[in-house]
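Here you'll find one protein chain in two forms, each presented separately as structure tokens under the names structure 1 and structure 2.
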Structure 1
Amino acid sequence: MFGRIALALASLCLAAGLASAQTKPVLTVYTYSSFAGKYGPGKTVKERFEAVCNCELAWVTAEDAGSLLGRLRLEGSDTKADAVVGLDMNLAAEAKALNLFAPHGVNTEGLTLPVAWSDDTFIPYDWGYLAFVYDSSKLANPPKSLKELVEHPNGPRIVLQDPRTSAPGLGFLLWMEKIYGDGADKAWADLRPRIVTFTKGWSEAYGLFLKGEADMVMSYTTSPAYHVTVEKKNQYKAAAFDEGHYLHIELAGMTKTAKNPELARKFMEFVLSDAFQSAMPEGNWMMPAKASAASLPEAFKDAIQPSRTLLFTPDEVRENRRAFVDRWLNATAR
């Protein structure tokens, strides 16, 4: 008798629990694959947000930032995204022109970016300077400037990312345009014999470099910190270039079509919280956009400090991206 009552009560509790779980709202967040992947900060961000939102956070991934923008363009107002994490400053104007994003309404005072930030649509969540990473046990004298890398006929072999699909790939294209301007096509032609390949995304390029397929890879000044912290390896370095380094700022935004706008807005507030920001240095291996209460990992203190920040505005990128990509295609396809 009592056993049956207990069983009935347990069944009721289980049913209630399932019903509760089923009624939790779901926040769908689009991002790029490495952010939500095994080694990215996505798992930590999901756990920490779900701990305070009484909801479920569901990641939906595209391969890279360029692919993410392409997916949003294709889906238009039918997109299932409530929020997006992983666009960057170079794609901000194009993303805004899709007319899919709502004002974030978040106070962005106290950001620790190397440039001023004011935007009502996108929130920066991390940043870093682009840099070529090399193995110092194999390359004793890396180039000290972009021009030295490009113009030395016997310089190191490099692996790059496709600027049409990859955020660092587009960043390097803009870096070349900043330094060479109208001479960028000749610079690409000079560099082309030592480009091993253009990969679709960052992960594939970095993997090829680690396998020894190239002497240097396009990455970030903070990338060596991963090897020091996780692998206890000190030979990976970022090459400091005299002309300065191109800045990469990653962004989050909420959509106009969010099923639960209040939940999406809560997530946007969460992006600049310590719970999110503290997951960036050792999750995404980038600098947090708002300095975490916790100190940065020791290895970050050895990151090179560029002498000059190179950057196009989002509108400049939008106006010129097609022409820059066409110039790159023409120069590298010959």
Structure 2
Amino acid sequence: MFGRIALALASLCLAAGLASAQTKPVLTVYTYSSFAGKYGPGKTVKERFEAVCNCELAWVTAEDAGSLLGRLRLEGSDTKADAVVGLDMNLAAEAKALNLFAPHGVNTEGLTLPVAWSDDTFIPYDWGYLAFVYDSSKLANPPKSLKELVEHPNGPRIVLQDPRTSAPGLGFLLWMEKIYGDGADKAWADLRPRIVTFTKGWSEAYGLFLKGEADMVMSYTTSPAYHVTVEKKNQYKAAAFDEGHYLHIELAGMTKTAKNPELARKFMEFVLSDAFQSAMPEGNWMMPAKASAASLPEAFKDAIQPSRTLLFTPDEVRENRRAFVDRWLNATAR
């Protein structure tokens, strides 16, 4: 008797469970932690996508873009990720080589990126230029160019990120390579006395800068917008450099193993929609990849507009990163 009731209950529960699972498919999206965090755009993106997809969006997070890629590689083809948001250009070739990503099939015309986009695996969802951020109430005359910063022996003290552990750190290394090429060794040696330290990640470096340990910190042209919008502080500025600025582009992609490829594709379309894009500026403090100038928040319109865009292709980064890092090590390790 009891056995039968238990069985009936169990099958009822099972049926109910299946039914609920059938009505709401789950889209699993991997991202980095600050994207899905309290102040990140993750919550807004989830709500807005769920409003149109009749599904549930589940964020799974890793520390940063690098960990994201490491996790995908560990999981291989049995990854639970249907889509990934948060890789960047410098990791794109490595990510492609994992052979996990499917063509996104999204029309990428009309992007507001400083460069043309034709990749069929990844969609850019936001971007920013790397830039040195400084406190204009303390540093009245910031350098006007990278060369001025590097070659002026009495220039400002700066804090950088280690290119081996950090995305902006690697970005600045590439910037130096773009400007100095074979002369990068000497440039690093010239700059070395004014580098306060190389930190593990962006957070440590920015913290050091806010504590006053350095006059300038490697960050993004969009960083001052945070201070203006949230803290109502106007003294933080990004220094515009004559030679141009290195570009940082963040990417999204869908996996070959997505359980529901249609849903994943729908999400890829959604990434370039207004609903997603309008969450980027004040959620991720980056420029949206597709936005009308009118929809951009006021503080972002003040961001400096570099005269030239510096960028290595993902394949160039993949081929040369080791050599660049070794050169940097030899020039700065003492």
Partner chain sequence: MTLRPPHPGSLVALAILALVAGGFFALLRAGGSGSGIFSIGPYLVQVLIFSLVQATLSTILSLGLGTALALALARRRFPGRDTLLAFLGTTMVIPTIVAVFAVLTVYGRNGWAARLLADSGAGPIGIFGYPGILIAHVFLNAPFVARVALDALDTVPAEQWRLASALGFTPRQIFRHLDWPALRTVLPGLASLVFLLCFKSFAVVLALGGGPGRATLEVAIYEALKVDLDFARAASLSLVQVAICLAVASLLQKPLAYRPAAATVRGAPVRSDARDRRLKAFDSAVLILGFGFIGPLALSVLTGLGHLGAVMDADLFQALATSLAIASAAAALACCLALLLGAAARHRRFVLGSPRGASLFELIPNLLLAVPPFALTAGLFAIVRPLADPALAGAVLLPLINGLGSLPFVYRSVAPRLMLAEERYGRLSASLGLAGASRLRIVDWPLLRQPLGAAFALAMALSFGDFGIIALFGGPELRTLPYLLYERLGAYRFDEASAIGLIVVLVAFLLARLSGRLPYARD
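What we label the rigid core is the largest C-alpha set whose atoms superpose within 1.5 Å from one form to the other. By convention here, residues take numbers in order along the sequence of structure 1, the first being 1. Worth saying up front: this structure is predicted, and the values here are computed from it rather than measured.
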Inset, instruction - Decide which single structure shows the form predicted alone, answering 1 or 2. - result: 1
Inset, instruction - Could you check whether the CA atom of residue 117 moves 2 Å or more between the two structures, using the rigid core for the fit? - result: no
Inset, instruction - Align on the rigid core first; then say whether the Cα of residue 77 has moved by at least 2 Å between the two structures. - result: no
Inset, instruction - Spell out whether the Cα of residue 143 moves at least 2 Å between the two structures when the two forms are superposed on their rigid core. - result: yes
Inset, instruction - Using the rigid core as the frame, report the C-alpha movement of residue 186 between the two structures, one decimal, in Å. - result: 4.5
